[in-house]
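First, one chain by itself: the form predicted alone, in structure tokens.
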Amino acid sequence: MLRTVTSFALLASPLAGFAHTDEHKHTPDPTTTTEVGAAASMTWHSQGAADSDGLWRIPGVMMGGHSLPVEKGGKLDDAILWGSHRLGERTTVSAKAGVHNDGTTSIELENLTLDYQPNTPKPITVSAGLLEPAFTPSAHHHPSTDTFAESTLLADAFWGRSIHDTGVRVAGNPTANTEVGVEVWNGDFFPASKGEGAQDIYAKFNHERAGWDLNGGAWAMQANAAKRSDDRYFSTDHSHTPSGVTLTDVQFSGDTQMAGTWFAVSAPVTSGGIKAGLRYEAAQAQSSGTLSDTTRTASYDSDHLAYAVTPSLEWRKLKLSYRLEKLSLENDLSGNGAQVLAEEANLITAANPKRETVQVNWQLNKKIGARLAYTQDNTLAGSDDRVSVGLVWQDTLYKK
């Protein structure tokens, strides 16, 4: 009963404030035919987030996707180039490519989308191709376009940090300030597995009045998986398993249901030039299926909750933010292989992972910003504190 109440409280809490841009909409405005932009981020960390073996496996939750650990030292977080072109009155094509701090130097195509707006009484947009999801801004994290270089624990634990997948989206605007949509995916992202499919529905709104700016949304997703491995460490294309470390490939087959809400609010600027903001996101993920390795099988059910809350204050070109993140994890395994598989999959935990970050952003000029962060990281068994210093560059290269 307590967990039910907690779940409802998390999903209903009227908080939040995203400084994110709605990145899936790199669509030119009605007066623009073509637009090209670029962004990059680099950060130095005093400590990494991995364990003594170089792994980042949060006890109690199965992970995957692009949820790689913070590494000690300085590195390029990401560098992206995006563009959009209006083909006609109702058709737009957009694309994004970039490199990320994932141990590779190859350029990855992240987004190639064709948008079509039919002639309907209320605006409707049909999008198809390689998409970034629209159900929440944190589903496609980029250090170069976000307030924080690190993504939220919620995104890392629930959908492998960022989603880029082949799919179709149908979105409509019942009113000028609302959007509802349905997205159908191939399933080539955590917690789904390639070809098994995933679907989500969402509703979003934005409202501005008397200097107040409020936007938010709610969503639900269902994803299927068949023999899904942790593709960070068991991918046939590029494994991040450190040399000399041996892991057992525990695979999940079953379905995952998720639901969440996010809100962002900013207050009017005070007479002293201070602007307060708050951003919040909460989600619940429930999985049901089986775990297996080469010799053992167990029934598996999980019920996880996560939230991130970030109050902030802005003054002139400075922004002070504090982000509190927490996971609440429950797992239930049964069958002859339950105990061994729970240990191999790192699902045994007595603590709820938590992370706190205090950060100062300084906008040096129109294109370049700096950030200084202190993070107390309790996602693994021990506490890891780190200082991070970084630079961000954003620019519009062409617009006509």
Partner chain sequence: MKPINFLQTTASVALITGCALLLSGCPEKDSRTTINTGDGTTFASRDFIWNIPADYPLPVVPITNVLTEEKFQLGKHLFYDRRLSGNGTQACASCHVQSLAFSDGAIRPLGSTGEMHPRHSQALVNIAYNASVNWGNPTTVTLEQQAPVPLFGEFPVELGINDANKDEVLARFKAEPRYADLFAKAFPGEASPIHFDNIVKALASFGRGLNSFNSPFDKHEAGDTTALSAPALRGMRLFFDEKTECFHCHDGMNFTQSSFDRTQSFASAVFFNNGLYNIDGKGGYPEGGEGIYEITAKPEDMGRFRPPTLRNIALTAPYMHDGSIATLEEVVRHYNDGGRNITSGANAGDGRLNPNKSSFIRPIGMTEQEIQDMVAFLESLTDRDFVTNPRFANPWE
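Owing to the predicted nature of the structure, the values given are computational and were not obtained by experimental measurement. Numbering follows the first chain given and starts at 1.
As for the form predicted together with the partner chain, it is not shown, yet the points below apply to it.
Using a 4.5 Å cutoff between non-hydrogen atoms, Tyr280 counts as a contact of the partner chain in the predicted complex. Although the partner is absent here, Ser328 is a contact residue: one of its heavy atoms lies within 4.5 angstroms of the partner chain in the predicted complex. With a 4.5 Å cutoff on heavy atoms, Arg296 counts as touching the partner chain in the predicted complex. When the partner chain is considered in the predicted complex, Gln339 lines it closely, a heavy atom lying within 4.5 Å. Taking a 4.5 Å heavy atom cutoff to the partner chain in the predicted complex, the contact residue among Thr34, Gln47, Gln363, Thr349 is Thr349. Only one of Ala218, Leu305, Leu153, Met258 lies close to the partner chain in the predicted complex, with a heavy atom inside 4.5 Å, and it is Leu305. Note on the interface: of 318-326, 194-202, 67-75, 110-118, the segment with non-hydrogen atoms within 4.5 angstroms of the partner chain in the predicted complex is 318-326.
Site residues Ala171, Glu179 and Leu247 are none of them in contact with the partner chain in the predicted complex, judged by any heavy atom within 4.5 Å. Heavy atoms closer than or equal to 4.5 Å to the partner chain in the predicted complex belong, across 261-278, to the residues Phe263, Val265, Ala267, Pro268, Val269, Thr270, Ser271, Ala276, Gly277, Leu278, ordered by sequence position.
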